[in-house]
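Just one chain is shown here, as structure tokens, and it is the form predicted alone.
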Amino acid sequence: MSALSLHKKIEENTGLLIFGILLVSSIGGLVQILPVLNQQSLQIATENTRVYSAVELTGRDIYIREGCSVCHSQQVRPLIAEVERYGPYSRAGEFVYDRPFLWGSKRTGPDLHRVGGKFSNDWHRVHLIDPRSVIAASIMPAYPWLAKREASQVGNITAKLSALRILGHPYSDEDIAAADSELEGLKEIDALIAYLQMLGTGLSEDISI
């Protein structure tokens, strides 16, 4: 049977066509997935990467809840324009403690992966409560309620740290026991700012871009 007649037979037979599509898709998927499973660089944290503190992890939950990842990505791609604008490109080892990943692909606002330390806590506080008071042309919505809600009410932080430890995150018994007390007296905005200030700090300052 010639290649042409085989191709025609597959096109005329719905079952064979579906099987062929699934077979080719499966092969393509395996080619992409299998090498990644054995790539150590994707599983080893960079030198300064650490687990999130109880406050930062709570802030991350607020970041997800408020939909920040819809408009902001967290991945600086290895392109000259991106590196010049945002800083060193993102490395896989910086995300080993991220569950789920928040890489994103939509940039209504700027990428935030290197935002940690760029602005003061006070700047972030004002920006979250009234974005246009610091950036006149900003289209970001205001989040004044974050300054009123208690951070300790976001979720069961002790249970979350315990679950993450089962998944391999190196939290100690002391970390878990102190989690609730770390959130005492803090508002949601404090936790979110702590998370933002930690973003992108897992990379050594002297690393080449």
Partner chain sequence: MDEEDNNLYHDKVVIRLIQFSIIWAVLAMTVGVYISAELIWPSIDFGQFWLSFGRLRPLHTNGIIFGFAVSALMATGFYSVQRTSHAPLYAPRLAWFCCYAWQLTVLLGGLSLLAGWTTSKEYAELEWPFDIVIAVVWVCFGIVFFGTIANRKIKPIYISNWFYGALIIVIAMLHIVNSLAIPVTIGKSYSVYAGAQDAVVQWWYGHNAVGFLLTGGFLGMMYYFLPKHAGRPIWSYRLSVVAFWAFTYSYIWAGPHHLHYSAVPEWVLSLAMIMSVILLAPSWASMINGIMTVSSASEKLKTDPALKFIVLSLAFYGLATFEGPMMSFPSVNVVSHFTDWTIGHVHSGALGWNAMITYGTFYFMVPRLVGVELYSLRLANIHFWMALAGTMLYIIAMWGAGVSQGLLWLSVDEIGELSFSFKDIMSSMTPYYALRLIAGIIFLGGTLLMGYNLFMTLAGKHALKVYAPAVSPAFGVSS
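Everything numeric here is computed off the predicted structure, so don't read it as measured data. Numbering follows the first chain given and starts at 1.
As for the form predicted in complex with its partner chain, it is not shown, yet the points below apply to it.
A residue is said to contact a partner when one of its heavy atoms sits within 4.5 Å of a partner heavy atom; residue 175 fails this definition for its partner chain in the model of the complex, lying far away. Using a 4.5 angstroms threshold between heavy atoms, residue 149 counts as touching its partner chain in the model of the complex. At a distance threshold of 4.5 angstroms between non-hydrogen atoms, residue 66 is in contact with its partner chain in the model of the complex. Put simply, residue 181 is far from its partner chain in the model of the complex: not one heavy atom of it is within 4.5 Å. Of all the residues from 16-34, those having a non-hydrogen atom no more than 4.5 Å from its partner chain in the model of the complex are 17, 18, 20, 21, 22, 24, 25, 26, 27, 28, 29, 31, 32, 33.
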